[in-house]
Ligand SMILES: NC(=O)c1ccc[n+]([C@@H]2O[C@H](COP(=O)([O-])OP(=O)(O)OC[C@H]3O[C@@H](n4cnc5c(N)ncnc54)[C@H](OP(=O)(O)O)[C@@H]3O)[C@@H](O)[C@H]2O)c1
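Next up is one chain by itself, shown in structure tokens, the form predicted alone.
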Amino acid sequence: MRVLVAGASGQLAHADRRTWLGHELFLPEESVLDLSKREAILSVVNEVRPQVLINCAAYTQVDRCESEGDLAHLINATAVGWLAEACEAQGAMLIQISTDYVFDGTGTRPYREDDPTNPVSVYGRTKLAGEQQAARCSRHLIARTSWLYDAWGKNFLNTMVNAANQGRALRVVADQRGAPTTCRALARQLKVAAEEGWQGLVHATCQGETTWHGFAQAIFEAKGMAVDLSPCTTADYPTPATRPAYSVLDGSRRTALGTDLMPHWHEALLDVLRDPC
């Protein structure tokens, strides 16, 4: 398959480079596939003529979205509509990456795909609008994921390890629950999903659940690092954007669609630490 990836500088796109072997991958620089410009999107898609377009690009700075709502909506929603338009013209499948932040976090069981959405942040609202735009493409797969990280890029894993290496005492939130998900696991799942022809909406996170504090504990234990780590509450560190307190996503629909490759979050963490390249 000819596969076009938007957001080439991001951590998920890097995982796609490693994972989508056997397919013809195009990862134009973001200055070329510029999501702020409809003409640039249409031009690149018309030139590449992909069979699959994976949109790994997003405005993901959750707190800055609160003060930069117009920019967040442009990248996370309007641009997705342009991508859908371009894919529709080519008969291509659009794979749109979405987020657990489309839910308000008041639930007590893992959210299913058909549960009502109720985002409580600008980021969540713009990503939900992006889902609606992606669905305009006849062939689409919207994959909601959560807490993305890997050995590369700016993410929780690297932030924790770097802070610990500096000898800092760390306080990490222990009252938000979710599923840490590696980029490489998500990339593998998306590849199989495209090959098997999945369509619609699917939750694509690693299995299991933990808190940010529990995730940090697991990182340091796996690396054999002695760290001054203590739990705190969300209220201890107020932020401009509200985070969902519980955003675990139910993944049972994956097995109904085809091959479910998502590992348990702890197994995925060990895989990253064993193979950091």
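Just so you know, these numbers come straight off a predicted model, no measurement behind them. For every residue, the number given is its place in the sequence shown, counted from 1.
Separately, the form predicted together with the named molecule exists; it is not shown, and the next lines address it.
- Annotated contact segment (heavy atom within 4.5 Å of the named molecule in the predicted bound form): 33-41, selected among 227-235, 213-221, 240-248, 33-41.
- The three residues I97, K127 and L148 all sit with a heavy atom within 4.5 Å of the named molecule in the predicted bound form.
- When the named molecule is considered in the predicted bound form, Q11 lines it closely, a heavy atom lying within 4.5 Å.
- The named molecule in the predicted bound form comes within 4.5 Å of a heavy atom belonging to A58.
- Not displayed here, the named molecule is approached by I75 to within 4.5 Å at the level of heavy atoms in the predicted bound form.
- In the predicted bound form, not one residue of 242-277 has a heavy atom within 4.5 Å of the named molecule.
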